[in-house]
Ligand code: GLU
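Encoded as structure tokens, the following chain is the form predicted on its own, with no partner shown.
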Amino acid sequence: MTTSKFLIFMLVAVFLVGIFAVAGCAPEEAVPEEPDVEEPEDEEPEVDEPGAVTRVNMGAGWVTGVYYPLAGAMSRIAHTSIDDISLTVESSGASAVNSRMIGSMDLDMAIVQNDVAYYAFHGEGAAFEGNPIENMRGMFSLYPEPVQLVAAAGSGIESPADLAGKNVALGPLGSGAEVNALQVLEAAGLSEDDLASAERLEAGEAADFLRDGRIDAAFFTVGIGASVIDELSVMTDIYLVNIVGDIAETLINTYPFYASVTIPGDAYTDVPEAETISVLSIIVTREDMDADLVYNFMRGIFDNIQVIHDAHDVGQLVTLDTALDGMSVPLHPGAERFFEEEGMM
């Protein structure tokens, strides 16, 4: 090899050695493994962090009824006084619809009439026959709900038996009001076919129809002093039809949830006192709801019961002493724990 070729060879060799020295590794190790990084010992998964909010929804019937403002009061209590629970109130078709939505898991809690809850749980009655809502569980009772048959002045309706040939609103399809209306008609010896027309109307619509003279009477199963009737009484000459005598006795003997009740003369504007029959409203939930959540919710409600009392006149009837009255379905374990601690079971 000549001297010049030898020098060129040595220069190339030195150049290649320099490149590998700069790389600091052999070619097959050109991409080193990243070092392990330890997580801080005090860091926990997000799902385990305290203060996570459980979102709960409650079916609450008509906006113009009593369920909705009371459910709204419960939502305020949850927001201000119950840790880790957020309650959303949903307007719905009332008792029968709420019961079915408990069964389909679309509602976590709901306000329903105690009679409708019983039929739903046992799969009885036209609305639930053969399709029991077996996952329904009770929480606590609210207040009596009279069946209030409101008639237009001059309609000539003095008894449910006088509804024959009249235009009558029976309540929304699938509602507790509709169930009660059909039972009252039956006890009076009538059926829907005996009416001139049978309207399935939401409470506000029924009030509008009465005010406009499109119907003669309407059934409302709502708490005493309900705003929908109160507002109607200010604008229209109406009265409450008595449900008494043989009709009331038949209802009470046939359906054990009914009881007689008096609606005082000062409940509405210029509407005289009336005697009728009543069921009770109750709060229900799903069997799979967490027992601690149900317990904490009930504890928060009854520890802040004044919020319920202030929400509506009928809210004053919601008390711990009557919280088990008329409970027609099995209690949720969280509710059982609450009532046991209160010495009520």
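All figures in this text were calculated on a predicted structure; none of them were measured in a lab. All residue numbers refer to positions in the sequence shown, first residue = 1.
Not pictured, yet referred to below: the form predicted together with glutamic acid.
Out of the listed residues I301, I283, M58, V66, V66 is the one that sits within 4.5 Å of glutamic acid in the predicted complex by at least one heavy atom.
Of the candidates V222, L240, A181, L232, V222 is the one whose heavy atoms come within 4.5 Å of glutamic acid in the predicted complex; the others do not.
Residues of just one listed stretch (152 to 160, 170 to 178, 254 to 262, 208 to 216) have heavy atoms within 4.5 Å of glutamic acid in the predicted complex: 170 to 178. Heavy atoms of G93 reach within 4.5 Å of glutamic acid in the predicted complex, making it an interface residue.
Although the partner is absent here, Y118 is not a contact residue: none of its heavy atoms lies within 4.5 angstroms of glutamic acid in the predicted complex. Taking the partner from elsewhere, Y143 is found to have a heavy atom lying within 4.5 Å of glutamic acid in the predicted complex.
At least one heavy atom of Q113 is located within 4.5 Å of glutamic acid in the predicted complex.
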